[in-house]
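For reference, the chain that follows is the form predicted on its own, supplied as structure tokens.
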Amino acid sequence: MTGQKIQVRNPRSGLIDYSITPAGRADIAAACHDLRNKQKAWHHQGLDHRIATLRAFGAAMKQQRRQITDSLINDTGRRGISIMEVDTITPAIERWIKIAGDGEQVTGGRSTALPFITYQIDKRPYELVGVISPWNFPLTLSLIDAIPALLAGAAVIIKPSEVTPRFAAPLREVIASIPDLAAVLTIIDGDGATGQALVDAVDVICFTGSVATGRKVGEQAMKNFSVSFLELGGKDPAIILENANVERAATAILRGSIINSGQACQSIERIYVARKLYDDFLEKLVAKAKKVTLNTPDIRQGHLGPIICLKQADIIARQIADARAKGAVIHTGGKVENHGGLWCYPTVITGLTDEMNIMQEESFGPLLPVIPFDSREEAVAMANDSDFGLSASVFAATAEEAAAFGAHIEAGAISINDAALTSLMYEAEKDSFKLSGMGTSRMGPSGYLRFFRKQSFMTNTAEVFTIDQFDEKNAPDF
């Protein structure tokens, strides 16, 4: 390891209580060289061997459940979601195993133009996949790409966020307990410079994070002629049409906006309401928001954990201040509170205009801007007036009507009469629109198949062509 130690802040206490030493370029190069060498055996041992190894990993995760969960709690300041992150790994492995099994079929056929030529398409995994994961769901987003890549036969190297690195230590212990997995899965510590070095060392990079950093990752990967899959930010709209169930919409949108304190890319960050329902919806949303509690001082009680990243707390506070200064009305919450760490109550805001930062920038916090609309055409225009296109929600009298309206929204995942379902549904493939991402969907079969290159084997079952057949004198008239 090289470089000075990186100090890590505890999101609940606000104190520096942990540190990591970032891996340098030489460390990364050596690790990647070793992974590439061992990947060949991992691939050739076959899918059944990889399935057995990943199942052993899932079983070992269960045995170390307490240690990993405790580290995640220290990383994020939340308890319930940390438990959920650990407990969903084994089901995720089984889901990817089923997808991998379904994707093993060899495809082929016969040329329609030249029936005597047959073909077979095989899949060759990339040797080395890099994963750069964010701080909002540290474990989940470190393994969401790693597991299918490993099943495909690739080796994987993961760099977690320097904001939430504690979970990596017990996770390394789990990996080390399974030698066949330890040969092809490595976790390194580090910051942005470490991530930059990692991009230069792998064949595929999977990045989850901000648009600004994702752009740098994508550009660097392109220079290397390596593949990048980018899962970036969102400014997700919810649209409540004039015949929607207001109670249902208010309940779902509150959850979809503030779960994990709004620290999720698929959080609802813009709420557009048909004017005839606006007052009723706002009243219900404000009433529900006022009942939300913080998980401080007792982590075992309260709905919302702390703002994990100090820089994000500054963005949230700045957006609230900007909206207030430009005439917006704050109905609940309205400030970042210091209880050692930093928390923010659900902040319902009205009286918004397009020039306010909160309407343009990703908030990544529990901010709920509510805006009325007078026609469905206006609602579509406002929902699509964004550089982002990750997901959206539509509420209407029927699912069919909501889906028909949702077809006009420029976003990859549309939740119908609910909010942020993409965070719960891993089988449905989706592509990000606009600046919200780039590359093949990480969900469903594509999330597995994207770690392969296709190789075609073509066989001529007849006599071979001769060069004389291409003599110009034999060319037909036209």
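Treat the numbers as computed from the prediction; the structure is a model and nothing was measured. All residue numbers refer to positions in the sequence shown, first residue = 1.
There is also a form predicted together with nicotinamide-adenine-dinucleotide; it is not shown, and the following applies to it.
*Asks:* Hey, with nicotinamide-adenine-dinucleotide in the predicted bound form, do G234, C265 and F364 all fall inside the 4.5 Å heavy atom range?
*Replies:* Each of the three qualifies.
*Asks:* In the predicted bound form, does F395 have a heavy atom within 4.5 Å of nicotinamide-adenine-dinucleotide?
*Replies:* No, no contact at 4.5 Å.
*Asks:* Indicate whether nicotinamide-adenine-dinucleotide has at least one heavy atom within 4.5 Å of a heavy atom of N384 in the predicted bound form.
*Replies:* So N384 does not count as contacting nicotinamide-adenine-dinucleotide.
*Asks:* Within a 4.5 Å heavy atom cut-off, is T208 in contact with nicotinamide-adenine-dinucleotide in the predicted bound form?
*Replies:* Heavy-atom contact with nicotinamide-adenine-dinucleotide at 4.5 Å: present for T208.
*Asks:* Even though nicotinamide-adenine-dinucleotide is not shown here, does K216 get within 4.5 Å of it in the predicted bound form, heavy atoms only?
*Replies:* Residue-level check for K216: yes, a contact with nicotinamide-adenine-dinucleotide.
*Asks:* Which one, T76, S133, S257, T347, lies within 4.5 Å of nicotinamide-adenine-dinucleotide in the predicted bound form by heavy atoms?
*Replies:* Comparing distances to nicotinamide-adenine-dinucleotide in the predicted bound form, the residue within 4.5 Å is S133.
*Asks:* May I ask you to choose, among E283, D191, E337, D314, the residue with a heavy atom within 4.5 Å of nicotinamide-adenine-dinucleotide in the predicted bound form?
*Replies:* Checked against the cut-off, the match is D191.
*Asks:* Using a 4.5 Å heavy atom cut-off, which stretch among 152-160, 175-183, 97-105, 401-409 contacts nicotinamide-adenine-dinucleotide in the predicted bound form?
*Replies:* Going by heavy atoms within 4.5 Å, the stretch is 152-160.
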